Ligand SMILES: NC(=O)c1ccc[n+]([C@@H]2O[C@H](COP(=O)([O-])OP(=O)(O)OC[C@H]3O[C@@H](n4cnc5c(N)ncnc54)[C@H](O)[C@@H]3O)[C@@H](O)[C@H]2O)c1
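Shown here is one chain on its own, the form predicted alone, set out as C-alpha cells.
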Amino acid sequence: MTPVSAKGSFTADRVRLGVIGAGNIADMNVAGYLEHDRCDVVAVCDTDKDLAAAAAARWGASGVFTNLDDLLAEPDVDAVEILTPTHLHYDHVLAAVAAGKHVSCQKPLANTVAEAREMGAAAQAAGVTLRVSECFWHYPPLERAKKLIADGAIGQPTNVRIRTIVGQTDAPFQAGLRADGYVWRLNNLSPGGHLFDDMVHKYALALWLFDQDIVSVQAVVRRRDLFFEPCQAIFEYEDPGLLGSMEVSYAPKMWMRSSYYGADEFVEVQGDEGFLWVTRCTGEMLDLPAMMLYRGDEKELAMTGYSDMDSDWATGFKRSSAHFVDSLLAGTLPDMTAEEAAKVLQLCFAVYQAGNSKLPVDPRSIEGSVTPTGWADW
C-alpha cells in the first residue's frame, strides 16, 4: 500500500490542541497529548456545555466551547482531535481543514469511501495534515509483531488469523460509559453495527501488518442483539501465498478479565519457518505472555514468550496521540492517512457485501458504502 496524503508544514515548537467531542472515549485519546512535553490541550468543544467544561477542567484547557466554528476561529489552536460520532466527521473535518487546522480524527474516518477521499483531498489542497487515530497500529505487542514479521522471524508469512470475542466484564471503565453515546451507532446514522464501528481496528490491522492490499473477500455475517455481528471472513492478499481470516464471536453470557471493554483479540501469524501470537489487546483474557514466537528448523525448535513489554491497551491510544504530535513537529507524514483510512472502509464494506451476496468481493471496487441486510429495520 502506498500512502497518499498531504503533509502540512508546522513551524512552532509546541502543538496547541483543541479537542472536539468530550464523550466516552475522549479521555483515552487525550491522555497521550497530556503526557507529551511539547503539546498543550488548550480548548474543548462539545454541544453539552457541562461535559465540555468538566473535560476542560480535567485536561487543564482554558477554552470551553459549544460551537465548533468558535473553537476553529481561535488563533491559538494549531490542531484538533475530532472525537465526535462518525456521521459528523465529514462536516467537522472539512470545517477544521478550511480553518487551516491540522486534524487527527477518530475512526472510522467517514460513513463512505468517497467522503473519506474527499476529506483527504481537501486537506491536501489546504496544505494541512489529516490522519486517523488508530490505536492498534501503536499497541506495543502488535508493533513488535510487525517488526518481527518484516525482519523474517517466521520466514515468509502464509496466513494471518484475527479473532475478536465480545463478552461481559465488570470493569469500571465499561460501567462508566454514557449510554447516550451509543444511540447513533444503532440506527441509520451508521452504515452498520459492530463490524463497522469496532472491527475497523482489525481491518486496519490486517492491512498494516503486511503493508499489502487485500484483493478478495468472502464472508458470512450474522446479527445478534441489534448491534453485534458474528462473522467469518476470508481474505486474499496481493501476494497469492498469503491468506487471512477474521473471526468475530459474541458471547453475552461469558465474563472475561478486562480493564476496559468486555472484549479481547487474538492474532496469529503463520510463516513457513514459524509462527507468532499476540495473545491480548483490549482485555486480559489469557494468562500468557502478550506475544509468543515459535521458530523451528531441522536443528532447533524454540518458543519465546515476550512478557517484558507494555501490554496495556491504553498505551496504544497514548502512543497514537504522541505520534501525531511528533509528526507535526518533525514535518513527517503521520499514519493513518486518509487514503489508508479509505482502504480500511473498503475492506469493511467488502465484508458486508460478501455477506449479503454470498460471493467474493474485491474491496477496491467499492467507492460508496454497503449496509448489511436488515440493518436498522426496526
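Note that the coordinates shown come from a computational prediction; the quantities given were computed from them, not determined experimentally. Don't overthink the numbering: it's just position in the shown sequence, from 1.
Missing here is the form predicted together with this ligand; even so, the following discussion is about that form.
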- request: Check each of Ala171, Ala122, Leu293, Leu88 and return the one that places a heavy atom within 4.5 angstroms of this ligand in the predicted bound form.
  value: Leu88
- request: Just give me the single entry in Ser258, Thr164, Thr279, Gln106 that has a non-hydrogen atom within 4.5 angstroms of this ligand in the predicted bound form.
  value: Gln106
field: Proximity to this ligand in the predicted bound form (heavy atom, within 4.5 Å), stretch among 42 to 50, 55 to 63, 339 to 347, 324 to 332
entry: 42 to 50
query: With the cut-off set at 4.5 Å between non-hydrogen atoms, does Ile20 touch this ligand in the predicted bound form?
result: yes
- request: Please check if Gly127 has a heavy atom lying within 4.5 Å of any heavy atom of this ligand in the predicted bound form.
  value: no
task: Indicate whether Arg178 is a 4.5 Å heavy atom neighbour of this ligand in the predicted bound form.
output: yes
query: Looking in the predicted bound form, any heavy atom of Glu229 within 4.5 Å of this ligand?
result: no
- request: May I ask you to list the residues of 209 to 223 that have any heavy atom within 4.5 angstroms of this ligand in the predicted bound form, in sequence order?
  value: none
